[in-house]
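As structure tokens, one chain now follows by itself in the form predicted on its own.
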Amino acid sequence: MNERALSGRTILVTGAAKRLGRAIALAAAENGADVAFTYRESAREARAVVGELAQYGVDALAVRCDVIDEISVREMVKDVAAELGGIDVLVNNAANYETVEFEKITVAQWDAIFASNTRGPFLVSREALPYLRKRKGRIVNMGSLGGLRPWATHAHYCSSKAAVHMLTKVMAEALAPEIAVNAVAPGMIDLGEKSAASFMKKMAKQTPMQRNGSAADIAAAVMFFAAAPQFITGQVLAVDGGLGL
């Protein structure tokens, strides 16, 4: 991707105070975009990310938002558009992940995962529509290899991400021709967490590329869709080193 390929554009990333969201926000700034992002509890981390983004010479804004709450989302989108002048790219990244044996999943756990992982992207997309339409924008949803392949101990998570993949395709049809909608489906991404080290080592051996993914791999895929031709829409791109083959 050309450096500064997103110059003059504004990107909104949900859930970007840490982890993959942070990597996506930083990649956007590196490519010249002004960046707004949401956080829920991680105010300290959000302030740090704003400082990191500003080093790229772009405008940066962090807004507290609960993506499952309609009013919170509506106010956040209005604030972002007012502060940064509009929205060109929306990245629906905010989500939860949980490992639970099938028979132990409670209704509350099931509903909570669907609220954050599926209702959230729907709500944020719906509220951002007028701004995205005006700019002939792009939406990038964060799916998962778990939405393409069944994981026995993640029934609620896998189902929620499969729903995101279908939501992506429906939105691509419903919002064309003004807005292109695509999804990135990460496989095993190693974010350096010690608690996951032995699991990650095992998964790397099972992956054709013989390694797990990095935050940079996912951010690069998101940046591709953020700057790709409008003609590319309704796609779910697995970024998994071949693990899902």
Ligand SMILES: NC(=O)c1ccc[n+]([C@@H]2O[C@H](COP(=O)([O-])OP(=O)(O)OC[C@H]3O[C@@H](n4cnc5c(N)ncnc54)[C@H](OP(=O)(O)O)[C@@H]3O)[C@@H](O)[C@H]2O)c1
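All values derive from a computational prediction rather than experimental measurement. For every residue, the number given is its place in the sequence shown, counted from 1.
Omitted from view is the form predicted together with the named molecule, to which the following refers.
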Residue 139: touches the named molecule in the model of the complex, heavy atom cutoff 4.5 angstroms: no
Looking at the partner-bound form in the model of the complex, is residue 20 within 4.5 Å of the named molecule by any heavy atom? yes
Heavy atoms within 4.5 Å of the named molecule in the model of the complex: does residue 66 have any? yes
Please run the contact check for residue 191 against the named molecule in the model of the complex: heavy atoms, 4.5 angstroms, yes or no? yes
From the list 171, 76, 94, 87, which entry has a heavy atom within 4.5 Å of the named molecule in the model of the complex? 94
So which stretch, 126-134, 156-164, 76-84, 103-111, is the one near the named molecule in the model of the complex (non-hydrogen atoms, 4.5 Å)? 156-164
Within 128-145, the residues that have a heavy atom no more than 4.5 Å from the named molecule in the model of the complex: 142, 143, 144
